[in-house]
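Let's start with one chain on its own, the form predicted alone, as structure tokens.
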Amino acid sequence: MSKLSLDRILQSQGFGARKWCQQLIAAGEVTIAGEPITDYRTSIETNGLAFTVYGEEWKFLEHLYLALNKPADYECSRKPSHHPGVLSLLPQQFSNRDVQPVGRLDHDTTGLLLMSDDGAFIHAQSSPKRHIPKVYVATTHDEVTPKLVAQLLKGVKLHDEPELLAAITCVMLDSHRLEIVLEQGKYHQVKRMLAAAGNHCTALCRSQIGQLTLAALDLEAGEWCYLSAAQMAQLVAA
């Protein structure tokens, strides 16, 4: 357990510079247990702390672990160039806390995206050494055939890759959709693998990371949620 002054608490949670947080507190815009706290020097226990700012309730969190159902035409970048960034889908104070996407999805790829301000977590989740499977549903231009599935399972050669890249599993869902599971996370990997196998990806959605599924999170496109400890524990290989 630890105590911090209220202005430091607000600053740590991304509500702005300390001077601004002090003004916010003095204006009576911050309440704890329904009571306005107007002295920024008030020492508060952070463990389990809930507070409101402008009437909206927040919980003190040392780090943020989030899941987002990424819509199409959003970039996984803090400095997007051609489309809005995924951070624009989150509260502003999350951006102030340096929340970043864990890995990247192309601007036209949808689905499950993890985000955090915990550098160690981001590094661990991004490391190829952990062999965390990621499940994608790809829509193809041409029909999905048994030959295509077999090629993806056997492995295809991509430019600048020394070895064949193969799917962990690959299942035909219908005439123009397949579910493909990968561990490597190479640049544009699903699209490039389909192209190398003689087809073309027209839409791509990441539906699962480790054992955590987008369906279980029940998020509409553009919606986000905090990850619980149980959900965090699912972000591992089977």
Ligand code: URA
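Note that residue numbering follows the sequence shown and begins at 1. Being a predicted model, the structure only gives us computed values, none of them experimental.
The same protein also exists as the form predicted in complex with uracil; that form is not shown, yet it is the one meant from here on.
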### Message
My question is simply whether residue 188 lines the interface with uracil in the predicted bound form - judged by any non-hydrogen atom within 4.5 Å.
### Response
yes
### Task
Mark residue 142 yes when one of its heavy atoms lies within 4.5 Å of a heavy atom of uracil in the predicted bound form, and no otherwise.
no
### Message
When the contact criterion is heavy atoms within 4.5 Å, does residue 161 count as touching uracil in the predicted bound form?
### Response
no
#### Entry: 4.5 angstroms heavy atom contact with uracil in the predicted bound form for residue 204
yes
#### Entry: One residue of 109, 151, 125, 100 in contact with uracil, assessed in the predicted bound form (non-hydrogen atom, 4.5 angstroms)
109
### Among the candidates 105, 87, 115, 167, the residue which, in the predicted bound form, approaches uracil to within 4.5 Å (heavy atoms)
105
### Task
Work out which of the listed stretches, 54 to 62, 27 to 35, 190 to 198, 41 to 49, brings a heavy atom within 4.5 angstroms of uracil in the predicted bound form.
190 to 198
### Query
Can you name the residues of 117 to 140 that have a non-hydrogen atom within 4.5 angstroms of uracil in the predicted bound form?
136
